[in-house]
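Have a look below at one chain only, the form predicted alone, in structure tokens format.
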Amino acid sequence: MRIPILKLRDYLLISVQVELDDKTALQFQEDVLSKIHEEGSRGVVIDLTSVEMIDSFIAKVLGDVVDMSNLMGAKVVLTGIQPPVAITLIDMGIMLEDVPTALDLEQGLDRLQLELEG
């Protein structure tokens, strides 16, 4: 199953609405990076509101997507992180210290605009 990636101006909007398995996560990583390259996107908002749990592999892939996107010149904002997901990320040592976060997609877009303008 593929996760839809929407384009809005210079941004990509991604709302993960499915439980992530290893195959879906790797496809997601490939799709995001390809879309950043194709569209020349400057920013990405990844909404995780519907994701209630992640395992260590998914946590690593998510961290890699953020790092790889930054290397390609696209700033990432994560939104809607649920408590169990936050706990797993920290337990795995994936700190995402320089990654802005927001409560929801709307706030994530606002945060992304501030990050890119400032």
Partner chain sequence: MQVQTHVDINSEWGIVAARQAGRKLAREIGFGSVDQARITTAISELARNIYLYANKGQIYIEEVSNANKRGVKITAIDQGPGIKDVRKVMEDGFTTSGGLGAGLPGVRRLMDDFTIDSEVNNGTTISAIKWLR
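Only a predicted model underlies this, so the values are computations on that prediction, with no experimental measurement involved. Positions refer to the first chain, counted from 1.
What follows is about the form predicted in complex with its partner chain, which we do not show.
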One residue of 45, 32, 74, 54 in contact with its partner chain, assessed in the model of the complex (non-hydrogen atom, 4.5 angstroms): 54
Distance check, residue 13 to its partner chain in the model of the complex, heavy atom within 4.5 Å: no
Non-hydrogen atom contact residue 92 with its partner chain in the model of the complex at 4.5 angstroms: yes
Close approach of residue 110 to its partner chain in the model of the complex, 4.5 Å, heavy atom: no
Partner contact for residue 102 in the model of the complex: its partner chain, 4.5 angstroms, heavy atom: no
Contact set, 19 to 41 vs its partner chain in the model of the complex - heavy atom within 4.5 angstroms: 19, 20, 21, 22, 23
